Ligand code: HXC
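Coming up is one lone chain in structure tokens, specifically the form predicted alone.
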């Protein structure tokens, strides 16, 4: 056969495979409001940068009539490309080919690109759109999932792993996204669940829709399984691209630096926090008043709103922010917010991203429900994460810092590198009102005017304890600063800490309160 004929044969084979499941299956995919797998890949990557591998891989199943089925590419696309000129590895399940079901060769394609990403130290992006395990392949499908999970764990903390749920992701398939760093979901398209509505109806006799069971809103607002929520696939792709501008390509380098910019003038830090300590405010505005260009990229925005996490830049360098949100439950820590913060802290520590903590909270959320949900165990996660982290850690106490919450939010006792407090800070075992009621209980009850005595004792407690100067006098706070000084103090602290070396006892690993 001549070279020309060989080339023509190659082109025909490529054209056939590139049709995926065929025109009818593609039309069905489009009718569901979904892009095709290849459209998704090319939309995320830089134009003309995608290089596909294992295009001609086929399944090897021979049971239940599978030997007669030709599944192009075995239902998954893998390859490499670039985003903003930087290399990434990517795979996308193709729902038009056997519902994107995972068989042995399908899994081997995914693990091949995962191995490549880890070896080459580049981010891995996985697009999930699959009906689940290919039951005709039996245990081979389960083996495939296991191989993927193992590689997710190997790559954890070494390279960024991003999971994009753009269709069904059911059964064992959900655990790969759960093992990755960031999960993206899209309204009316993303579906994640262990057992589907049909199984729930059969076993429990309950009727529930797929959207109610495991739709995008459920996972971004209730379960906390999703980190980013979008209204369209294209919005989701822009979120992916923006996230990648903030994080490093692997754990051996820093995130790309950008030209420094001052915060926008409309975010005036001295005007954000009310003088009345009982009045809430949006902590995001405080963050925007100190980060470059007031650009704050929030993570898990819709889940556990009493704490805010996300990325910003200071002097062009990426910084991770953890901040209590007084607008939601007064910014208390509870089970969900502790999990949310702890995981983010560990991500930043793994990828050498300095941490800034903004504190304003009255402690842990009290109540029987929280106790029974395991707030002790969940709350310990944030203690563990901050204690374990060796990146630069800076804390600013804005208002309330009471009890265990004061310790948990990156206190000096958790080995914060720098601790600052505004003059409005109240650092104490508990709030002045509660403390006065306990300490001076007998005196208040015996007084002719209990309310007057109570007010007097509350003022006395505030004067003696509920201010930043007692902690500053003991060296627990490095200095008390004016709000306007916050950005400069943070910039200087991050710069001073840039070569930080924090050596810990040698061990295989710690045992976090999972």
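Predicted model, so just to flag it, every value in this text is computed and none were measured. Residue numbers count along the first chain shown, from 1.
Not on display, but discussed next: the form predicted together with this ligand.
Colleague: Would you point out which of 429-437, 273-281, 170-178, 414-422 contains residues with a non-hydrogen atom within 4.5 Å of this ligand in the model of the complex?
Modeller: Of the options, only 170-178 has residues within 4.5 Å of the partner.
Colleague: To verify the annotation, which of these, 210, 328, 120, 154, has a non-hydrogen atom within 4.5 Å of this ligand in the model of the complex?
Modeller: Checked against the cut-off, the match is 210.
Colleague: Select from the listed residues 263, 405, 215, 132 the one whose heavy atoms reach within 4.5 Å of this ligand in the model of the complex.
Modeller: So the residue touching this ligand in the model of the complex, by this definition, is 132.
Colleague: Determine whether any heavy atom of residue 142 comes within 4.5 Å of a heavy atom of this ligand in the model of the complex, and answer yes or no.
Modeller: The answer is yes: residue 142 has a heavy atom within 4.5 Å of this ligand.
Colleague: Tell me, yes or no, whether residue 184 is in contact with this ligand in the model of the complex, where a contact means a heavy atom of each within 4.5 Å.
Modeller: No, no contact at 4.5 Å.
Colleague: Can residue 234 be called a contact residue for this ligand in the model of the complex at 4.5 Å between heavy atoms?
Modeller: Answer no; every heavy atom of residue 234 is more than 4.5 Å from this ligand in the model of the complex.
Colleague: How about residue 199 - does it come within 4.5 Å of this ligand in the model of the complex, if we only consider non-hydrogen atoms?
Modeller: Answer yes; at least one heavy atom of residue 199 falls within 4.5 Å of this ligand in the model of the complex.
Colleague: Just to make sure I understand: among 26-42, which residues lie within 4.5 Å of this ligand in the model of the complex, judging by heavy atoms?
Modeller: Heavy-atom contacts to this ligand in the model of the complex: only 28.
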